[in-house]
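For reference, the chain that follows is the form predicted alone, supplied as structure tokens.
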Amino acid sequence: MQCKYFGICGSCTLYKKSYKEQLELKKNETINSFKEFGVNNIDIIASNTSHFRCRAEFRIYHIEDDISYAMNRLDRQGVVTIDSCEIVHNSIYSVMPKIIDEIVDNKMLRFKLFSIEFLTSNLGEMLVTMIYHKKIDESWDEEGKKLSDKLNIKLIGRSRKVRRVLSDDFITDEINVNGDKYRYQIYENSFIQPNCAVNAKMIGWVKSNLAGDKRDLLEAYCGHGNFTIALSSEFNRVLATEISKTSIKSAKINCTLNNIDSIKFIRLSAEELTEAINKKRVFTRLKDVDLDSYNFSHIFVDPPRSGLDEHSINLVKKFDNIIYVSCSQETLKRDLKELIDEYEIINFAIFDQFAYTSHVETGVILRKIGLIRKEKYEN
């Protein structure tokens, strides 16, 4: 990929390296970082080399009556104005200049516009959120509707304590995982994996690394069911938890979209889930769920950057098989130190969600050491 803003825009920091060199660097750094756990070989899930981000946000820079997109400079000395971005999905790439052209002469839509967020899907749906440093009202709706209709986009306007939705506040996406297609309804501001192609490969990697003993699955931090929906076919039943009301709402809709009835989505934090599993607290939200009827063989966790807390670490230790997807190698290392005495790393991968940056997502499959020895003896 070539971009005229390499070396100026702060978004892409590994611009001097070819994509092959980037992957080699990330591979070697990861192996070196985790060598204390016996990791010497890892799977590498590569990204497309351009137009891979399905979600993006850009500042809006005002120069008198003109506007343009802007990003923080690589040298951290203010912003650089841009008219294109090579890492965003093609549908975002194509609509970016059209939006500027339409609003530059429209005072209602342009005035005090601070930033624009884009969310697109493999089905071509586009959700655009325009964020203002002014209060917007019904008069904004009229002009926004014209823009929405002309560009065939779903449009939301935001200002302090105001959210104006002109049609839907979600997009519908479709993910192809090794030939199996799954549909998802994704709401504005909900967490997603931003690299569409890598996301599908991540799900496929997890499915291909599941142990043979697949009874029921417990998942924490399930989001809108990104992994849950596809993994449900591998288990008898799934109990999945998430603290976000919006994500749980979306996850339940996604079950319906995919005709799945083997998943229970419950709004619980990781700490609350631990208390429920350990029978330390009774939750009304679990009144229709018989926890004792589940026969869990696996637990799946995809925690925030802070990793697993003490309660969550103690919870995952109850399971024979752990699937851990991490957005922070630092906290993953910390958590593995708590687990490695009882578990063996079966497989390890890096997912290059953020090409042209030093950041990677990481996946680890762990299995209880005693269980592995037992299986070897029986075989």
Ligand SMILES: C[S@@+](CC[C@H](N)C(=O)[O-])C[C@H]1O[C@@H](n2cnc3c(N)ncnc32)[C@H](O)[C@@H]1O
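Counting begins at 1, following the sequence as shown. Fair warning: this is a prediction, and the values are worked out from it, not measured in the lab.
Here the subject shifts to the form predicted in complex with the ligand, a form of this protein not shown in this document.
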Counting only non-hydrogen atoms, the one stretch of 136-144, 96-104, 163-171, 220-228 within 4.5 angstroms of the ligand in the predicted bound form is 220-228
With the ligand left out of view, choose which of A270, M126, L286, I82 has a non-hydrogen atom within 4.5 angstroms of it in the predicted bound form.
A270
Sort through Q193, T274, N254, S121 and report the residue having a heavy atom within 4.5 Å of the ligand in the predicted bound form.
Q193
Should S244 be counted as a contact of the ligand in the predicted bound form, where contact means heavy atoms within 4.5 Å?
yes
Considering only heavy atoms, tell me if G204 and the ligand come within 4.5 Å of each other in the predicted bound form.
no
Determine whether any heavy atom of G78 comes within 4.5 Å of a heavy atom of the ligand in the predicted bound form, and answer yes or no.
no
Heavy atom contacts to the ligand in the predicted bound form at 4.5 Å, residues of 284-310 in sequence order:
D302, P303, P304
